[in-house]
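Given as structure tokens, the chain that follows is alone and in the form predicted alone.
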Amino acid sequence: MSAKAIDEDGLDSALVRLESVARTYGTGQSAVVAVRDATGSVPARARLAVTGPSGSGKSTLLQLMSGLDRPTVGTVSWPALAHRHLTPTRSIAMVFQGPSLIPALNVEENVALPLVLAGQTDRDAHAAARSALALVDLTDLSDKLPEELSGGQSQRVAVARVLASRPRLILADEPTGHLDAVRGAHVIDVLLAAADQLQAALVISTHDPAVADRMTSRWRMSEGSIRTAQETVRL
């Protein structure tokens, strides 16, 4: 995963590339180094697990990959997406640990809202929302309010909300962290199926070995660094 990916035309085909990236919060004696000297790349259609204990830098790494945060040193780029050094926001979607749905909006409205805010018409945004809800098998809950959903259903709505933009790179930060094993496995089923249908890369940060084992590649983080990068052998 860290080797440079080159397509048939000789161009860099990585969806996101990290080059000697570090992220420090604060200054002086109170400074906290969340990520240090991280180098790696994610090719198209990757299925990558970022593992490691709490506090190892997984969430910060995904935020850097998404463009939601900027490195203190080093470079994050998106060679195969719209702009190499400007975050291609419409090509990247991020699923957070908690669904963060808006209580006053129903399921379809929650999924459509980011598209409306991005400038789509209500009609187009709601059509895209319905298609995304179909991807996660929640069409029958489109009129429900968040308070009427289970934890697993809420997280699947959050997945639908980011899939509505039809991204090429899906980043999921501990998406099963608040769920039991059965509901968590279902959310991973949904993410994998949606990534397959969209032909998108999927990167999941997790401390759960069962989740990591379902991906085909793995970066292990420790104390802010990517310690190992390996391919998962499937028998």
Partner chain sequence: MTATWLRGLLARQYGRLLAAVCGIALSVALLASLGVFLAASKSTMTSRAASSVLVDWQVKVARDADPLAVLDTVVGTAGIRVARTVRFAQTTGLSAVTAGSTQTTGPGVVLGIPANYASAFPGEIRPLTGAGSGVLIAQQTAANLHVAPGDTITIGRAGLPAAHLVIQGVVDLPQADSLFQRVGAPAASQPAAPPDNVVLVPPGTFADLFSQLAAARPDLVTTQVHVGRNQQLPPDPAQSYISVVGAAHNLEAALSGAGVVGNNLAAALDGARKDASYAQILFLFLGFPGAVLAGVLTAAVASAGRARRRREQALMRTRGATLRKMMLLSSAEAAVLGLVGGFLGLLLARLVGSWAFGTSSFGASRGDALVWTATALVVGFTVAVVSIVVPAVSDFRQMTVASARISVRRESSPRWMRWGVDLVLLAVSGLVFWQTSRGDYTLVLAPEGVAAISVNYWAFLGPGLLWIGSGLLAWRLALTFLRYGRSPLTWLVRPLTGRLASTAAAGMSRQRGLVARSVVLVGLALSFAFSTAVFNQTYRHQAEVDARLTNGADIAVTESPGVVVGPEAGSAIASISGVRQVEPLLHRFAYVGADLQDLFGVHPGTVSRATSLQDAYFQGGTAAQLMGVLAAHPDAILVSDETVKDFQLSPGDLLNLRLQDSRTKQFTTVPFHYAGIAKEFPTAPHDSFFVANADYVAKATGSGAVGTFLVDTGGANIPGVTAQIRQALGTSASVTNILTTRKAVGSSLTSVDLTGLTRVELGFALLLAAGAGGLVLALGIAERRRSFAIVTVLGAGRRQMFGLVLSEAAVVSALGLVGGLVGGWLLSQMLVKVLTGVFDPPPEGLSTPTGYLLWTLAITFAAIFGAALITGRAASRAAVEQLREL
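Numbering follows the first chain given and starts at 1. No experiment lies behind these values; they were computed from the predicted model shown.
Below: the form predicted together with its partner chain, not depicted.
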| property | result |
| --- | --- |
| Heavy atom of each of 63, 122 and 161 within 4.5 Å of its partner chain in the predicted complex | yes |
| One stretch from 187-195, 63-71, 204-212, 44-52 that, in the predicted complex, holds residues within 4.5 Å of its partner chain by heavy atom | 63-71 |
| Touches its partner chain in the predicted complex: residue 109 (any heavy atom, 4.5 Å) | yes |
| Contact label in the predicted complex: residue 113 to its partner chain, heavy atom within 4.5 Å | yes |
| Proximity of residue 150 to its partner chain in the predicted complex, heavy atoms at 4.5 Å | no |
| Distance check, residue 135 to its partner chain in the predicted complex, heavy atom within 4.5 Å | no |
